[in-house]
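The chain below stands alone, shown as structure tokens; this is the form predicted alone.
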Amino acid sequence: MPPAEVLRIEELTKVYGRKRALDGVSFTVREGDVFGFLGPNGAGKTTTIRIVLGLIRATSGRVFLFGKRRRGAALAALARLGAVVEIPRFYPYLSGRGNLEVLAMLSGVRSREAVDRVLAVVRLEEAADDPVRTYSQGMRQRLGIAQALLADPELVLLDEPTNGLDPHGVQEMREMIAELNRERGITFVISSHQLLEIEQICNRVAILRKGRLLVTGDVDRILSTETVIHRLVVDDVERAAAALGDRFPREEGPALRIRTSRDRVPEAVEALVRAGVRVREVVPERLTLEEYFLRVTEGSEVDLGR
């Protein structure tokens, strides 16, 4: 059986005056996904997350959590969801443990063991009794995730979880998310600008621009579909470029990299051989998610399956 849907958004639209923050956005998150939610500033990512959480109302469209529409009695589905929206806020004079105890009480989590459990999960046991004002940005972000995990959720929404983190902090965050997904089966939706990190941990993505969905689908499928750059290892790059002329658009850089379909590669090699250029190797290059993101956010809408 295919994985169950944990979040489905249908034709979500949000209008502020004359501005459309969201314009008919639809996508699905499945159980076990680490789902990357990408887009330039102002694309509508945080607006979408706030609507899912019930913090603001959509102008139109529908949100389904765990197969039920999020309205009325179905708001109980929110109990199965955790979230960190934008920068997590805490009482600076309280310890990390103290903050979590307050938040646990407010959210109806009465078990003291729950606080100890989430502190261990986010690796803050040693600093648990230190005032939060002494915490680094990375420690505050981890405490935010600990708060999101208090009710043992099945789905966690993280809005820019690596903002302000140094490379070590980003790596720690990535490893923690991957571990929680792998060992506890938690489904994640991660809004982020850190495209390299998203590529390393997410299996599916959605990309927004100006409130509209540009593409959604499996990361591997998206990038393999778009693999149309080939690097040719030759003995004379300039002579090879001249032999190919304008028939094969060349990528900028010192190496000979051409953009073409796979079925035209033999034609390119034949042209080089006729010109007396020795071809040692032809290497297809997979686009990075960052390259793909830049391409689609400057181009037109793409649909690779929702």
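All values derive from a computational prediction rather than experimental measurement. Numbers follow the displayed sequence, beginning with 1.
One more form of this protein exists, namely the form predicted together with ligand ATP; it is left out here, but the text below deals with it.
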* Taking A21, K45 and E160 as a possible spot, do all three reach ligand ATP in the predicted bound form with a heavy atom inside 4.5 Å? -> yes
* Interface segment, criterion being heavy atoms within 4.5 Å of ligand ATP in the predicted bound form, picked from 250-258, 37-45, 268-276, 62-70 -> 37-45
* Structure fact -> Students should find that, of R123, H193, R212, R231, the residue having a non-hydrogen atom no more than 4.5 angstroms from ligand ATP in the predicted bound form is H193
